[in-house]
Ligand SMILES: Cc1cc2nc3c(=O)[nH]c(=O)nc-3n(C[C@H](O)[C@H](O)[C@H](O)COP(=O)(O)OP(=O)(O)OC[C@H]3O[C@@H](n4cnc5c(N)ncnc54)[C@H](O)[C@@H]3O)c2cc1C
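Only one chain is given next, in structure tokens, and it is the form predicted alone.
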Amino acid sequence: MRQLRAQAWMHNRVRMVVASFLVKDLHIAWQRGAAHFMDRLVDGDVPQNQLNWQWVAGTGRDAAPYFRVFNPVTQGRTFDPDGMYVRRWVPELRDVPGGAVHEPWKLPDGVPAGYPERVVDHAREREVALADHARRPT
């Protein structure tokens, strides 16, 4: 989100991870995220933005991947294994070595000063999101 604020842009992979986290971990309506991104993206395109947010949320025309919940730690380890991207945009973690930036709550001395404790347990929120989706009327 700091990159979005600073550059009015972020890579599509990061957009999807953020969207998944907001919708499936924090249970925020996809429309709020879509509106926020449209207000800030330099390359914002209404159909593309809205359809991507609907896809991540598992709603809309292609709702088949509703069960796909991006794990932010796994995504970070896969696409930013050395943590360079994280350290660039999260200066509170700049002194955390390597891939440990993806799980700072597991550091022996706890999270670095100025960095918040973990907001949610991803595994639990994933189950809540999937259960909520299963209860939706078709």
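Values in this document were obtained by computation on a predicted structure and should not be read as measured data. The numbering used is simple: start at 1 and walk along the sequence shown.
Another form exists, predicted in complex with the ligand; not displayed. Remarks below refer to it.
Screening 101 to 109, 85 to 93, 71 to 79, 36 to 44 for residues having heavy atoms within 4.5 Å of the ligand in the model of the complex returns a single hit, 36 to 44. Contact annotation: M16 falls within 4.5 Å of the ligand in the model of the complex, judged by heavy atom distances. For W9, a non-hydrogen atom is located within 4.5 Å of the ligand in the model of the complex, even though that partner is not displayed. Using a 4.5 angstroms limit between non-hydrogen atoms, Q31 is distant from the ligand in the model of the complex. At least one heavy atom of N49 is located within 4.5 Å of the ligand in the model of the complex.
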